[in-house]
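Only one chain comes next, encoded as C-alpha cells, the form predicted alone.
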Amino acid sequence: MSVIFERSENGEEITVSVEGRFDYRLYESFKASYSDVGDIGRQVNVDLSSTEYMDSSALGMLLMLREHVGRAAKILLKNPTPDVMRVLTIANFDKLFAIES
C-alpha cells in the first residue's frame, strides 16, 4: 500500500498513483502528495489501476483533493479496477469526477 507522486516534464500534470488498499492508513501520504506541491498544474491524474480496495475514507480524500484543487485543475480518475469502479459508481463519484478506463 503506497502513494506515488509524479510531475510531468512540462509541469502541466501531476499523477498520484495509489497502490494496494486506498483507506484511512493512506491519509497522510495521500494528502502530502499534493499539498506540498505549490503550483498544481492544469490536470491531476489519480491512477487507480493498482488500487485493490477503496473505502469511504478514500472517497473523502478524493473530495479533499477536489476542494484543494478548486477550479485551477481538472481531476481525472484513471483506470479504476472493477471493484473500485463499483465503489465510485455507488457513491455517484462518476458525476463529480471525470473517470477514464
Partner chain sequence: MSPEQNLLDDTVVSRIRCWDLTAEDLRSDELVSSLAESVCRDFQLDLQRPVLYMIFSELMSNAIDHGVLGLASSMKESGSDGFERFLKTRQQRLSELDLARVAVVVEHRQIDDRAPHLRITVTDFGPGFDYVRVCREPVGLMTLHGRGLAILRHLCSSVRHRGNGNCIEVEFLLD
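A quick note: this is a predicted structure, and the numbers were derived from the prediction, not measured. Numbering follows the first chain given and starts at 1.
The next section is about a form of this same protein that is not shown, the form predicted in complex with the partner chain.
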Q. Has each of R66, V87 and I90 got a heavy atom lying within 4.5 angstroms of the partner chain in the predicted complex?
A. yes
**Q.** Touches the partner chain in the predicted complex: S50 (any heavy atom, 4.5 Å)
**A.** no
Q. In the predicted complex, does I4 have a heavy atom within 4.5 Å of the partner chain?
A. no
**Q.** 4.5 angstroms heavy atom contact with the partner chain in the predicted complex for A73
**A.** no
Q. Is there a heavy atom of L96 lying 4.5 Å or less from a heavy atom of the partner chain in the predicted complex?
A. yes
Q | the partner chain in the predicted complex - contacting residues of 49-77, heavy atom within 4.5 Å | A | E52, Y53, M54, D55, S56, S57, L59, G60, M61, L63, M64, R66, E67
